[in-house]
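First, one chain by itself: the form predicted on its own, in structure tokens.
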């Protein structure tokens, strides 16, 4: 083990000097994700607030048919009533945000106790038009409520007569579960992908990279056995992978929380964000066999390549093989069962999703851990055997 430890320290120092490894292992999780998440959330929040605060211009076609409604719309501070025109063309050209069409004799129909259908036109592909539509509908709803109140008062009835069965729904999910639901959608996918990315550059550099630089022969000529060399390199790749995964989970959790908080300021998110400590522990435990699996597989693939560029071309297809099953956490209705608990990558994604939502199904957790660990052990054994093959190590 002393030889393995020596090789491990040597390789670890080498990758820490490599700029690409530092960027993929540290800079991306700690700097890029927060910058993207917080920056994007702040930008979206700022733009939404700006659009909501703007006074949207609307037109009222048939305003003479309902003067009382026109008067209410003109008094609204958040709207500007423009002269009636070809509203469809005006909305398309962004000269208007929305338009209201009042039918003939609408005022007379309302006064006689009848109803009059009001049409609201907007462009769903434009955010400002959506805001204008919401403001118009709010005013129309309040106006309709006032008409109903007057009619009920005339009849000597109470407004409660229109709501004989008030229904109130209650969400029994805890705040932790609701927070976990937000994370469970994409965090398992991100963990798997980032764990693989963290192992990619060290795996290529310590195998194909050394072949290209001509330094592999030097370490092979040392007193260390092929097993010692393979173990030292594997542990180095595993360390880079697990550090990347840990930093990514911590960074993503923090930035998602800040992102949700920024949207909550606008009333867009009622979720009180927090992650259960036990869920974080489960994620860390799951990272260990996953990192072992990716480290050994990527080391084996890279070892077959004779140059850094060739290794990258081999690993790119492997990324797609991992991405598709990792995306199972996005699919609604897919439930974790015994069969899926032994399917590589899919099992990790699903059990991480369950844990983040507060469902700790320990039988499946053990099944996922053991099946992934077994697969990782096989991959480590295969990687070790490749280091014993001269035609692989000295492939020209």
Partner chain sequence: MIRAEAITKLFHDKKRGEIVAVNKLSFACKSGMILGVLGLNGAGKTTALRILATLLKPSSGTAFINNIDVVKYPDKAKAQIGFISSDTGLYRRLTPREIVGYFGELYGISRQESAIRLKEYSEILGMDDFLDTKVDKLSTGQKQKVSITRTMLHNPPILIMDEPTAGLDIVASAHIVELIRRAKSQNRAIIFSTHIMHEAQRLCDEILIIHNGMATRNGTIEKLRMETGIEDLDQIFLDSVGDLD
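Numbering follows the first chain given and starts at 1. Please read these numbers as outputs of a predicted model, since none were measured by experiment.
What comes next is about the form predicted in complex with the partner chain, which does not appear here.
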In the predicted complex, does residue 224 have a heavy atom within 4.5 Å of the partner chain? yes
Is residue 141 close to the partner chain in the predicted complex, meaning a heavy atom pair under 4.5 Å apart or at it? no
So in the predicted complex, does residue 9 come within 4.5 Å of the partner chain, heavy atom to heavy atom? yes
Please run the contact check for residue 214 against the partner chain in the predicted complex: heavy atoms, 4.5 angstroms, yes or no? yes
Contact with the partner chain in the predicted complex, heavy atom within 4.5 Å, among 219, 288, 73, 315 goes to 219
Can you tell me which of 205-213, 318-326, 87-95, 150-158 lies within 4.5 Å of the partner chain in the predicted complex, counting heavy atoms only? 205-213
